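Quick heads-up: it's one chain on its own, the form predicted alone, in structure tokens.
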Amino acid sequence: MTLSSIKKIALKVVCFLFASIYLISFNLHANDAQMKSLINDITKMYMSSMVYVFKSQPIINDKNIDKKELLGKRFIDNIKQTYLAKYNEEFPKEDHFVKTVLLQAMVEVMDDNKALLYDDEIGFKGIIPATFAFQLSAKLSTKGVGLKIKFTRTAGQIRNKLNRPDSWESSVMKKIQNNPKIYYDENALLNGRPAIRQFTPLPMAHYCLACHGIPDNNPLNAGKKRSEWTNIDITGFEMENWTIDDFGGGVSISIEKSVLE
């Protein structure tokens, strides 16, 4: 074999190696983009459901009113309309089974609450965004799909201890608390398994202050003398005196990478 032939073979080998490295890099970036797109869709679908539950408080709590807008396909259709209004874009396609499971879980949570919804003796049903979020998270944990959703806040400022942040969430909130922004981690762990995780901060809204603000914000004090005011909110918890400028916590979404394979 001549020197010229050896050089040509070496050149081909080098070209092949560079091409292989490029393809591997391209596929990694493509997979990362797909993972980020999926977790973004899951986050926005979930947040839209929370917004709709908040807007539906009159339907949820009023007696002698039909609750069909909160059940089955009607519930999902209303979440889709909420999504469109909130993000000014069409609701994500069900192009991954995780999205389908999430929507099914939303319907199942409300169906589990059907007897409570139609109870004419209980005024305040307690089906608020925070409790819906917890119930949905619990429902998803039974599905075995490697998807975990949590509505959380910094440790010591969380009412439901089951929503306490884990070490990853605590670390992220510490990083972004003074400059809230979406935090995405494609090299995280969930239950000891490789996962993608995303934390989306939620700014405090005026409706949050009805429970978490000061007695002036408490609807239970409306029309009463200040001497008769209470600092216990409608859910039975003591108000935290938060303001609109406080860090409102956020939505933590985690998906095991095995689900994406």
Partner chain sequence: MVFAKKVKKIYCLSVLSLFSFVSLSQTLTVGFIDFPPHIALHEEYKDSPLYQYINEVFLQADFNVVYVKLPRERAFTELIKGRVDVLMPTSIPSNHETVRTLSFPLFHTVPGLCFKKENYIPILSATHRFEKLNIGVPAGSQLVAALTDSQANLIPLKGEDVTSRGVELTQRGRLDAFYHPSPVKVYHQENPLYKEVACSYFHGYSTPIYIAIANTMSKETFTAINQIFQKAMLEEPYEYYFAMRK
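Small disclaimer: the values here were computed from a predicted structure and weren't measured. Positions refer to the first chain, counted from 1.
The following text describes the form predicted in complex with its partner chain, which does not appear among the structures shown.
Its partner chain is absent from this chain, but in the model of the complex, do Asn31, Lys44 and Thr200 each have a non-hydrogen atom within 4.5 Å of it? Looking in the model of the complex, the three residues Asn31, Lys44 and Thr200 all stay beyond 4.5 Å of its partner chain (heavy atoms).
How about Gly126 - does it come within 4.5 Å of its partner chain in the model of the complex, if we only consider non-hydrogen atoms? Yes - in the model of the complex, heavy atoms of Gly126 and its partner chain come within 4.5 Å of each other.
Does its partner chain get within 4.5 angstroms of any non-hydrogen atom of Lys139 in the model of the complex? Contact with its partner chain, yes.
Residue-level question: is Tyr87 within 4.5 Å of its partner chain in the model of the complex, judged on heavy atoms? No, Tyr87 is distant from the partner.
Any non-hydrogen atom of Gly236 within 4.5 angstroms of its partner chain in the model of the complex: Gly236: yes, in contact with its partner chain in the model of the complex.
Residue (of Phe91, Trp168, Phe134, Tyr183) lying close to its partner chain in the model of the complex, criterion heavy atoms within 4.5 Å: After the contact test, the surviving option is Phe134.
Which among 173 to 181, 108 to 116, 78 to 86, 186 to 194 is in contact with its partner chain in the model of the complex, heavy atoms within 4.5 angstroms? Correct option: 108 to 116.
Stretch 151 to 178: residues contacting its partner chain in the model of the complex, 4.5 Å heavy atom cut-off: Going through 151 to 178 in order - heavy atoms within 4.5 Å of its partner chain in the model of the complex - the hits are Arg159, Asn160, Leu162.
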